[in-house]
Every structure is written in structure tokens, then in C-alpha cells.
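Next up: just one chain, as C-alpha cells, the form predicted on its own.
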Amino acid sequence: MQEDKYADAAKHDKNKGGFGMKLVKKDDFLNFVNTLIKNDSRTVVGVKSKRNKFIYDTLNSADELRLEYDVTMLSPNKYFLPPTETLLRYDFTGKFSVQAVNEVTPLIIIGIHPYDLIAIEQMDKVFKDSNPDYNYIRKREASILIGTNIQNVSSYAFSGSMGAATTDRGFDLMLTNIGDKYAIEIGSIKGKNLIEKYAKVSEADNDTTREVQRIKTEIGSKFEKQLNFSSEELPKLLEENYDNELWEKNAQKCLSCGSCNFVCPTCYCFDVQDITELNLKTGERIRTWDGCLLEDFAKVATGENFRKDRAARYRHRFMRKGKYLYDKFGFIACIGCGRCASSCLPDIADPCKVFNSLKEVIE
């Protein structure tokens, strides 16, 4: 029965379309990455180790790649919405002039976990749907995303509860570790072309397809943490708990440092400032990451602060993740990566813990 389940799931997957599946030996995969680094015009980025953590950074060799990682410190969204970015340059010398700026570095990003691919899809919707942000859009269009199914799970993660442990879309290529080979799902023309140009691959048979489906099905059971209810209940749960005393209680420990915002792959708020040079002749308009936990986040030019209290700022973050963005875009803006929980010194940022506590209160 178990085998039939995976066969049916694989058949269902196949019916979704796509560009098929290939197999590559691990040595050949390393050669593929080294060839990209050496011959492709795009910058190759991948997951590397940094002390006892993992980060996305430029690869100098395929040997640096760590596809067995649990979670990276920041998501690959940092390449599409950089922490600091120049939007335009202006010049008062002679006739006033303004030049739009978009510094795009075409990238091949290797090793993205499914939850981060889903976060990128959400940010695509945010930056394309309402007010198109061409700085973001151009960077995304110039990128190739190579995902990898999760091998090791962070102890802070609960992506299985958020429907983000695996994904069938959002990637150009997706790797699955099947022993001495990787199965490669091809998700786009860009991915197909990359494989055809640089990789030594063979066709995947039905047994491989079933094995990949078995591995993907079992990933969900690897998470130690989970919501005690369906994530679909979150918008209503948060609405009913807007005045819950938990916000005030937890906020008493909050340092207002914004760490939970800055590591989150679905936080996208930013500040924009004009920085004029001391010569008063030239300057730049820059945007930098901002976060709703920071005290001045909701402060306006006339001095009023619409969320001066820590409790209001603390509550706002969770309401935005599970209610406000759901109302606007139709998705829960938490993919259960656990980065916020692992970066919070007072241990109050964990969405899984907070959501489960709210659920217990109303039951």
C-alpha cells in the first residue's frame, strides 16, 4: 500500500506538468557547479558554512557548497531586496538631474530550501501585484533558482505545519539527494537550458520518481515542532485574540532590536532617505531594511508614533504574518523556517509557540 501511495503521488506530480526529471551523479553535479562558476556569465551563489552557521554567499568552488544544511542565517531574498540599496542619484550642479539606479547582478542561486522558495513566491506577489517595484522585479528576472529538498531540519523550524516543507513550483531546478546521485526536477525553460548546456545527466525512471516522492512525503515528519491546529485557522485565531494579554506579557521582555524582522524571509518593510553629500551638489536616494519591532518604525514627520508601545509593535508583527497579509494577498506570511525564534535573545519571537498559546487560551 505504501508503494502504491508514492506511485499515485508521483503520477499526480507528473500530471502537474513541468519539464521532467533527470539524474546526475554527485561527482558530475560538482563538475556542473564548477563549470557554472568558471564559464557562466552569472555569479554563482550557494549555501556555505560560516563557523557553526550557514549563509548564502558567492561560491568560489563547488566544494564550498553545503546542501545538507538545516537553515541559513538569512534567506536568498537579500539578493532581491538588499539591506541597503541606491534607488536614484541626483545632481544639483547646473541643471538639476535625476538618474534612476538599479544595480542588477544576474545570479544562479544553489541550495534553496522549499520554504524559502515559497517565501520568494510570496514576495514576488507583493512586489509585482500592487505597486510594481522594478528594482526587485529586474533582480528576480535575472536570477536562476536551484532548490534542494530538506535533508536536515532546524530544531526551531515548523515548516511542515505551514505547508512549506516541500513545493512543486517556484524553482528552475530542484535537487533531491538519493544516495550517490541527485534527482533533478526541472521547473522552467531557464532550468532546462542550464542543464542542457552544462550538466551531464541521464533520464530518471519511474523508480526514481517514486523514490523522490517518498522522500518528499517523509520530510514533513522530520519537524520536531508543529502547530497544534491547522494553519488555515490563523487569521480567525488572531482576530479573536487581538486583545489577548499574551501580547503585553511577552512584550515586557522584547528588546525592540528588530532581529526577528531582519531574518524573516517574508518581512519586506523598508525606509527611504535622501542622502545629500557635504558638497550640497550631489546625493542619493537609498532604501534600507526597516522593521515593525523598531521603536521609530511607525513614527511620522510631525513626531507622532502610531505604535509607540512595545506590546502594540509585538502584536503587529504576528497580526501581519497571520492576518493582515492574508487579508490582502491570500497567504499566511510565515513559512515556519524558525529564523526569528533562533535569533530572539528573550525567546519571545517563536510564531509556533505564540500561535499554539493563543489556541490554548480559546479552547
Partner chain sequence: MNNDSIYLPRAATIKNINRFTELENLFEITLDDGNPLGHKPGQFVEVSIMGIGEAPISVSSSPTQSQTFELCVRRVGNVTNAMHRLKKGDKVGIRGPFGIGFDTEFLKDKDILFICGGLGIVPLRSLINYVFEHRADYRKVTILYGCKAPHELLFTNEVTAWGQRKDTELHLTVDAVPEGEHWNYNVGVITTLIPKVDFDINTTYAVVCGPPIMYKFVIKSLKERDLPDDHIILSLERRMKCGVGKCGHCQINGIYVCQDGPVFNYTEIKDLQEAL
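Numbering follows the first chain given and starts at 1. Remember, it's a predicted structure, so these values are computed and weren't measured experimentally.
Missing here is the form predicted in complex with its partner chain; even so, the following discussion is about that form.
Novice: Tyr268, Tyr182, Trp247, Tyr156: which sits within 4.5 Å of its partner chain in the predicted bound form by any heavy atom?
Specialist: Partner contact (heavy atom, 4.5 Å) among the options: Tyr268.
Novice: Sort through Arg285, Lys78, Lys225, Arg210 and report the residue having a heavy atom within 4.5 Å of its partner chain in the predicted bound form.
Specialist: Residue within 4.5 Å of the partner: Arg285.
Novice: Using a 4.5 Å heavy atom cut-off, which stretch among 127 to 135, 191 to 199, 148 to 156, 70 to 78 contacts its partner chain in the predicted bound form?
Specialist: Comparing against its partner chain in the predicted bound form, the contact stretch is 127 to 135.
Novice: Within 4.5 Å, heavy atoms only: does Lys38 come near its partner chain in the predicted bound form?
Specialist: Because no heavy atom of Lys38 falls inside 4.5 Å of its partner chain in the predicted bound form, the answer is no.
Novice: Is there any non-hydrogen atom of Leu325 lying within 4.5 Å of its partner chain in the predicted bound form?
Specialist: Because a heavy atom of Leu325 falls inside 4.5 Å of its partner chain in the predicted bound form, the answer is yes.
Novice: Determine whether any heavy atom of Asp290 comes within 4.5 Å of a heavy atom of its partner chain in the predicted bound form, and answer yes or no.
Specialist: Contact with its partner chain, yes.
Novice: Quick one: does Arg307 come within 4.5 Å of its partner chain in the predicted bound form, counting heavy atoms only?
Specialist: Contact with its partner chain, yes.
Novice: Looking at its partner chain in the predicted bound form, which residues in 287 to 302 have at least one heavy atom within 4.5 Å of it?
Specialist: Read in sequence order, the residues that approach its partner chain (within 4.5 Å, in the predicted bound form) are Arg287, Asp290, Asp296, Phe297, Ala298, Lys299, Val300, Ala301.
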